[in-house]
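Below: one protein chain in two forms, given as structure tokens, structure 1 then structure 2.
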Structure 1
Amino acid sequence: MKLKKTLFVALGLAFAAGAAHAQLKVGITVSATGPAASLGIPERNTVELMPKEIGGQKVTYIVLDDASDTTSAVKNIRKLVSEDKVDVVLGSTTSPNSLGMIDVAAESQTPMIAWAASSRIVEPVDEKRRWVFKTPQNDSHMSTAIVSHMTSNNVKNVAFIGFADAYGEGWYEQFKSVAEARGIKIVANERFTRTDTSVTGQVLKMMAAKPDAMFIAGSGTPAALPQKTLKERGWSGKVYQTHGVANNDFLRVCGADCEGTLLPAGPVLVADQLPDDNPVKASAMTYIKAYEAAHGKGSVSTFGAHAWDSGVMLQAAVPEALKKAQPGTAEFRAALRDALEGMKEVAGAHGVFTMGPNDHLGLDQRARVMVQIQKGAWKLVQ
């Protein structure tokens, strides 16, 4: 009996001690395997570089893999908020996963910072999306950059080919609305899939429409296939791609066939070429140096930088929230949400974040640049 009592006391003490030295718990679900793995792996690697201590609090990261699957992502966030009782959730990599996680974040009143691009993750800011923020640029940021480059280069007719999924469809809608408002005509609209072994049919149809420029909306190395086929069929005009191809694997696979390709991208892609007075340059270089020190030169990608930016946000917001409450409590989570929403001019690797009650992304035109592939490298277009 006595022994039992001692044990209880000891346990109680242990819990009390745990509460006194509360630590910040960050739950992460990332698509480190499955179709989105080429985005998820650099993101997971970036987590290892995130701050280990913020505002005097030790930070613990709990990383789960969702295999690019929405059901697993939702299961992961449920586990993170109910079992691990995390203070904030980061991720996931893809838009469908992040959209699925919104309900759980809102229900458990846990702030969530998504690493996926769809604007629907944070718009409109309603009762549920109050708790949700995201770091990647909206597609509309990127499509306005492309369209204004097209208008200033006298492109009137464009042939479009995109992924036959939410990515291609979303880009088509975005691009169409912006392009038509500026008087650009879309003369062909084709689709292909990530796993296609040939896009000759689509490319022939696009070339038959005699456009001034081709626009390929695909992400990662699969987007090289239409461009290689265009080259093979003798197309020598302008080709636009989206920021989804902004990684070095794309350059490797596409090789000389992608010379001259134009694309919008986050400034981190060409950070060393930015003018020194650009507010993003310093913060982007910090990330690149940290990542390359850990994973080797030339290993950095823009996708990992989205994860890094969520760490930057935490570093800005957590000290504010700590003034109001201790981690591990509902009050702290609410305070952290308020602090994230109140962020002003926080420079990350992809741009400068200024949030507001109706803007849970907070990026402006400083978050994108036009880039051209020249001699197998990314070159800033002035």
Structure 2
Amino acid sequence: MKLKKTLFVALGLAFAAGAAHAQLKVGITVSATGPAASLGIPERNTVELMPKEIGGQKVTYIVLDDASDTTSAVKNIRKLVSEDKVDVVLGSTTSPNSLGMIDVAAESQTPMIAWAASSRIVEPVDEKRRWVFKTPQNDSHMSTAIVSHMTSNNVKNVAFIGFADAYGEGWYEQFKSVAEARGIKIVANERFTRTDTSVTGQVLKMMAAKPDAMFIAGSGTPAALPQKTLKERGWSGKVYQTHGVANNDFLRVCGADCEGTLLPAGPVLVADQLPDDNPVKASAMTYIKAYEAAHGKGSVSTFGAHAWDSGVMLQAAVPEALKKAQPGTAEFRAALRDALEGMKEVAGAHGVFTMGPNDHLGLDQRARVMVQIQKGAWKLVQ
């Protein structure tokens, strides 16, 4: 009888342990405060719209704020993988934060889907980055769109100003490579920080170079500072920004100073202006309707859509991983990594994802459009 009781207790403990893992645990670190908050807040809001069940598994989201700070982002991912035992990590919002998180994802062999743009987050796909994926379009992808527009509009030389961090440096490297190949000369190369309150010195140097156009490589509301300064100093020529400013907070802060600004963006920004046969329109509109139902008309930003697309990825990959293992195990994390890498033609709000062993972004030309700011709104450039 004692043996039977012992056996039943052991079985009960085994069942309880299995039940404890009968859910998918998703860890998230997001820049909901700090300089990148205008990007991180819609991402955090989007988490609330993500599926509560995938493949018959309950999904638990553990959300931490890294305050736009790289050190905090690294601490967050360490906590998520070591204490919370998550199956996958999403985030962070900015490139410096996401780059800082890669080592922890690799050490713990936990799949990570970044919401930041730098191509260095996923390139090259080495032993560390084999665990890392991302949803935003690469800088190189968007640089090509900008340069194509410049060459079509007789822009021969450009003055550049970007963040003094991984975002700005990554953009300069990618833009310089594409621009020079197309015969466009960079006549000024300046930097500023996300927390600067003045860039007058940099802007005066840029204007002294007499470029055909200005290119600002920043993200969120801090990217408005160079543009407002350019207008104050009398610049009336073309201004290009990156897809890092594609949110309504940027429009609000920059105001009339950003009229006419050109930038590449994910199709979600102008989804309602896309033709009905565009392969991204239906999936983009699904996100827009869900977000606006929760936060009001016109509240959508492309950054929230990056978070949404990580949820779309999980809906495609988790059922495949469940065929091999259960959440809460190293085997499941490895299977989820493999399933993410094997995704084919998965339509999100920003594009259609097809991953591979050497491509952990998986987006093609369907993931970008050129837009212009007209009368405080985003307009598709035909």
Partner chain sequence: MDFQIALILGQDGITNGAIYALLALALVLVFAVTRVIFIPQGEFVAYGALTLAMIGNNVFPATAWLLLGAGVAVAALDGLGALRAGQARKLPRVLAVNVGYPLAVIALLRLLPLAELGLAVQILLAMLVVVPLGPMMYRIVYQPIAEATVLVLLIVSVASHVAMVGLGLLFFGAEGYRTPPLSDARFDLGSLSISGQTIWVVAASIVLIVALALFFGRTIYGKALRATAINRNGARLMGIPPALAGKLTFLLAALIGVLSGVLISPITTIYYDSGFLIGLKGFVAAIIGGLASYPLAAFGAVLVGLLESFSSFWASAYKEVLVFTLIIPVLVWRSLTSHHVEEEE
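Computed from a predicted structure; not experimentally measured. Along the sequence of structure 1, residues get numbers from 1 upward. Basically, rigid core = biggest C-alpha set you can superpose within 1.5 Å across the two forms.
In this pair, the copy labelled structure 1 belongs to the form predicted in complex with its partner chain. Rigid-body analysis between structures 1 and 2: the smaller part rotates 11° against the larger, C-alpha superposition. After superposing on the rigid core, the C-alpha of Gly260 is displaced by 3.1 Å between structures 1 and 2. After superposition on the rigid core, the Cα atom of Leu230 is displaced by 4.8 Å between structures 1 and 2.
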